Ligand code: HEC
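The data below hold one chain only, encoded as structure tokens and taken in the form predicted on its own.
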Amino acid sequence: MIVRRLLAVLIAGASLGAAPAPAPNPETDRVAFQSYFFTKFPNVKHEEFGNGPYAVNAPMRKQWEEIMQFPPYEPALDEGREAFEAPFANGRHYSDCFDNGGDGIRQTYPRFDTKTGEIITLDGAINACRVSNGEKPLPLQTGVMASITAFMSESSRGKPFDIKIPADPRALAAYERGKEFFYARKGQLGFACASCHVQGAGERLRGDILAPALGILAAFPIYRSDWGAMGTIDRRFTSCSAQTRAVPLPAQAAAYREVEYFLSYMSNGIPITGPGTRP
């Protein structure tokens, strides 16, 4: 019943002959989205949702606390700091491209770019900075890109998501496309992102505990033991697509950036916990 009420609010689509759907309202969506998870997991503190499966499963949390005594992402933090602080060939730095020198801003990404009408992720902003300074873009999803985003995420740890949807119809349209992508069934298995991370949140699948969608991006980039390396948000989107037998999109595809925008806005108020680690 709770799931049906949530979907009724979040999926705006009218059948033939039905009354027109109400105008999209992201804040109404966010309140309904968060209320669903707060009701589903009444014993989880709201700020804990950024810890994903560790917030909703006690045995996993115990294992995680042991792992976090020596976090496997620490080498990436060192690499990310070194890369971020190294000057470009023209003498400028990454810090020249970002608000507050790039310190403590991860919670404000993704952003809507009023010039291009597109969603800019932190990954995209890093590469845009490089290109504007005469450097080649970094390879996406892993490697130095994951390390730099890890370093920048660490500086935002504990800061709540603060995603803005400006009064621009293009921004609202991008948000709506991200929402549609999240709830649309895809691939040979017919799964939606919501199948696992809304209805199935907290349940076990193939030995994994499915993370709630609320705060699910707060810990990124993450070190996954099955990857044996760090990965960015759209690396996870790519792997999820493959696992549901859908055709993965290219890294930083518009659809991936828009679903990141949607999920990040849904998590407004949930603190950043990244970089993180997952099984």
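Remember, predicted model here, so these are calculated numbers, not experimental data. Position 1 is the first residue in the sequence shown; the rest follow in order.
What comes next is about the form predicted together with the named molecule, which does not appear here.
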>> Can you tell me if residue 37 lies within 4.5 angstroms of the named molecule in the model of the complex, counting non-hydrogen atoms only?
In response: no
> residue 211 near the named molecule in the model of the complex, any heavy atom under 4.5 Å?
Replying inline: yes
> How about residue 240: is it within 4.5 Å of the named molecule in the model of the complex, going by heavy atoms?
Replying inline: yes
> Closest heavy atom of residue 191 to the named molecule in the model of the complex, within 4.5 Å or not?
Replying inline: yes
> Looking at 26-34, 66-74, 222-230, 39-47, which lies within 4.5 angstroms of the named molecule in the model of the complex, counting heavy atoms?
Replying inline: 222-230
> Taking the named molecule in the model of the complex as the reference, which of 111, 177, 197, 157 has a non-hydrogen atom within 4.5 Å?
Replying inline: 197
> Quick one: of 98, 161, 84, 181, which gets a non-hydrogen atom within 4.5 angstroms of the named molecule in the model of the complex?
Replying inline: 181
> Has each of 53, 205 and 216 got a heavy atom lying within 4.5 angstroms of the named molecule in the model of the complex?
Replying inline: yes
